[in-house]
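Just the one chain here, the form predicted on its own, laid out as structure tokens.
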Amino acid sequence: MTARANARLVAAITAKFRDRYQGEPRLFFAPGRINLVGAHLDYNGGDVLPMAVDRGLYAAARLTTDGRIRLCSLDQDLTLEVATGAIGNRAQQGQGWGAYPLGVWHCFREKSGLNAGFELVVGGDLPMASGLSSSAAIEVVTAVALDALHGTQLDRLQLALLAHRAENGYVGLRCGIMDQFASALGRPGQVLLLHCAGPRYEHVPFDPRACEVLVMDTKKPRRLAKTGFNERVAQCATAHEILRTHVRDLPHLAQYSLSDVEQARDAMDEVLFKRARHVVTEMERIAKGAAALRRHDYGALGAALDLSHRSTAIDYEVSCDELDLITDAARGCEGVFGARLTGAGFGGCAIALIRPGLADKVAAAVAPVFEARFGVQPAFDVLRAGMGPGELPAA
């Protein structure tokens, strides 16, 4: 279970559950994640290097016997009550954040045949819509709760796949598997090297005595359904089809080489070429980043982060002025190994790999530069590798 539960949040969701639903819940947690390297590779059949963190989503839950699902959040104004029989195959307008747990319930029902309703109160210590996978954490914590409440004993891999199906199928965001796998399969002191084409995974050591991860929140929300995320997925699919036709037939875009992409350049427009170039060169950076972690070379890992950010900004075009400035400012600070946007981009958070103990100095140097440009004070936090999801003791 988690290395340290957030006692304030556990108490708050328990109190809200008791007040709203007049009963005693069981308590659950699922972590958010940061992705060190491997931007937009998961849905292209590539490799990614995410780390489950010691922050995430907490849930108080119990089953109902009246055929209703009731959802409430500490962080969001929207509350929902839905009859189980009214839940279709796709999210409905007005469901908001509730589409994530409803989607998980829908997929859990399909897998298990169990259709009891449930009551849920969630609260988290992840910034919402920031790039730290609050949506995946909601999905995984709901899957963990439903599994425990029904006693179905699904393993973590099954829970990750169920949560991913909920986001792809019910919510309708064509994301890859990284976020749900990182949340469901996290381990302390390690990062997940996920080979999405399998999927296969292994764990790689991360030494907190040598390097810390400073999260820098631009405060710019990113709403993926309203951005070009699905457009990037479609562009990569088109580039893959061109490569299959003009070069060789491989199952995934990430399996091609840079020479393959250059060979097919005349068959692609400039945008498709840039998208494909990012994917295949990011695979090279993943290999270098994983090798650097194994030999505890955080300078080399930081260099991979810097190149990754440049590629996501220029070739994949998912950065923004806020993310570019905050990472540039961090790179100019002593003791920073490297910096890049995290999550899908379009806003949200960036990360900087730093020497331990320097977080306050880096934040003090970066904040005034950012605020002078955008009139917004960014937030900073040091995140550490956390445990995976599970049930918490009663409050």
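Note that the structure is predicted; figures quoted are calculated from it, not measured. Position 1 is the first residue in the sequence shown; the rest follow in order.
Unshown form predicted together with ligand GLA; subsequent notes refer to it.
Peer 1: Could you tell me which stretch in 235-243, 177-185, 114-122, 297-305 has residues with non-hydrogen atoms within 4.5 Å of ligand GLA in the model of the complex?
Peer 2: In the other structure, the partner sits against 177-185.
Peer 1: Any of the heavy atoms of residue 370 lying within 4.5 Å of ligand GLA in the model of the complex?
Peer 2: So residue 370 does not count as contacting ligand GLA.
Peer 1: Please tell me whether any heavy atom belonging to residue 173 falls inside 4.5 Å of a heavy atom of ligand GLA, as the geometry stands in the model of the complex.
Peer 2: Yes, residue 173 sits close enough to ligand GLA in the model of the complex that at least one of its heavy atoms falls within 4.5 Å.
Peer 1: Check whether residue 40 has any heavy atom within 4.5 Å of a heavy atom of ligand GLA in the model of the complex, and answer yes or no.
Peer 2: Residue 40 belongs to the contact set for ligand GLA.
Peer 1: Applying a 4.5 Å heavy atom distance criterion, does residue 201 contact ligand GLA in the model of the complex?
Peer 2: Answer no; every heavy atom of residue 201 is more than 4.5 Å from ligand GLA in the model of the complex.
Peer 1: If you check 338, 50, 343, 46 against ligand GLA in the model of the complex, which one has a heavy atom within 4.5 Å?
Peer 2: It is 343.
Peer 1: Select from the listed residues 273, 97, 206, 229 the one whose heavy atoms reach within 4.5 Å of ligand GLA in the model of the complex.
Peer 2: Checked against the cut-off, the match is 229.
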